[in-house]
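Take a look at this single chain in structure tokens; it is the form predicted alone.
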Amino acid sequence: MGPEPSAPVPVEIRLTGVSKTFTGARGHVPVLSPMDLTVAGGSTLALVGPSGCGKSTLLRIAAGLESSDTGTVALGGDSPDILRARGALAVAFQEDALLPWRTLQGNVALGRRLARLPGDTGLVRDLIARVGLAGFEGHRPGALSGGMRQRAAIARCLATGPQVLLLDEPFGAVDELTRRRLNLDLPPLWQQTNATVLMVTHSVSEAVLLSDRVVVLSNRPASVVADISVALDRPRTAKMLSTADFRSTIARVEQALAQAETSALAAQ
């Protein structure tokens, strides 16, 4: 018997000098100031900031779905397009984007098919169970609630075992109880493959619970206000929610957010 195949090397996300301005009926609207951002391979970084500050735009640029005006994006030295083509990059948006004519199981399996990976019914069914949808494999999206569809979309992203996972408010459509459970149950799945995760969330507690770093952005044009390390052991557990370290980290993030909002008001 030959040696076990080596695990993929964790992929670093590196954005250098990235900026973005939108042009429309209101003229030029700067969204992102020139920004440098690095996510260490195998780690999770959460972006928080005021609504409309450019968090989702930054995520789309990292995914290669939006072009930047300046700067570069490198995922382990490759472009986002290259990683996406081999199924190593997955993106979950606020919208589930499930195909209405495919069953839930068919939608989750589609991620592997598009990445030209062999089918794995056992993995697909396990992911469906992990997101709390066992028993609904044969249902089509129209028969599912919005929260159920969102959980299916997350399972589809994880089906390829991505090396880079980009999450834009992925739990925003689910109820609070389910959101808390997914916050605890899903990270071990992407940590098994040493995935590098960049996520956008409006929930400070979610950002702290899931991430190794929380980056706070200012109002637009967004710039980095604070870069806060999260010193909590893994795996993260429900008990951590009541620890002093958890509460103090939340307080630091909230203070940075308050400063960002105060600065924005002063600039008006």
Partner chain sequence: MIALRAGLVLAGFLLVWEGAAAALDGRFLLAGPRDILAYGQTHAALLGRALAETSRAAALGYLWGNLAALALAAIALLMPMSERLVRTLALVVFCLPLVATGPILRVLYGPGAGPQITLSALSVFYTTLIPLLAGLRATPRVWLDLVASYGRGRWSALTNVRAMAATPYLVAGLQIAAPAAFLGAMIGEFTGAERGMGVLTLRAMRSIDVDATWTLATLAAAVSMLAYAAAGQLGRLLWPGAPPVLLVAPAAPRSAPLWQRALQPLAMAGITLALWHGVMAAFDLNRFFAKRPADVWQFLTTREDARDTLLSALAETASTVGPGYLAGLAAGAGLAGLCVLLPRAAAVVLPVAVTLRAVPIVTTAPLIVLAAGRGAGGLVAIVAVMIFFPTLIACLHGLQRVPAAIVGVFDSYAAGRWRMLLDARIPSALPAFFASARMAVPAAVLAVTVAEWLATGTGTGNLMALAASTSDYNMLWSAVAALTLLAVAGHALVAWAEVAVFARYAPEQLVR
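Each form is matched to the other, and the largest set of C-alpha atoms that superpose within 1.5 Å is called the rigid core. Numbering follows the first chain given and starts at 1. Everything numeric in this text was worked out from a predicted model, so none of it was measured.
What comes next is about the form predicted in complex with the partner chain, which does not appear here.
Go through 127 to 135, 92 to 100, 181 to 189, 68 to 76 and give me the stretch that gets within 4.5 Å of the partner chain in the predicted complex, heavy atoms only.
Heavy-atom contact with the partner occurs in 92 to 100.
Is residue 160 one of the residues lying within 4.5 Å of the partner chain in the predicted complex, judged by heavy atom distances?
Judged by the heavy-atom cut-off of 4.5 Å, residue 160 is in contact with the partner chain in the predicted complex.
Test of understanding: in the predicted complex, would residue 115 fall inside 4.5 Å of the partner chain by heavy atoms?
Looking in the predicted complex, residue contacts with the partner chain include residue 115, since a heavy atom lies within 4.5 Å.
For residue 156, is any heavy atom within 4.5 Å of the partner chain in the predicted complex, or not?
It does: once the partner chain is placed as it appears in the predicted complex, residue 156 has a heavy atom within 4.5 Å of it.
Find out whether any non-hydrogen atom of residue 60 is located within 4.5 angstroms of the partner chain in the predicted complex, and reply yes or no.
Within the cut-off, so yes.
Taking the partner chain in the predicted complex, which residues of 125 to 140 have any heavy atom within 4.5 Å of it?
Heavy-atom contacts within 4.5 Å come from 140 alone.
Superposing on the rigid core, I want to see if residue 77 changes position between the shown form and the other one - specifically a Cα shift of 2 Å or more.
Comparing the forms between the shown form and the other one, which are aligned on their rigid core, residue 77 does not shift its C-alpha by 2 Å or more.
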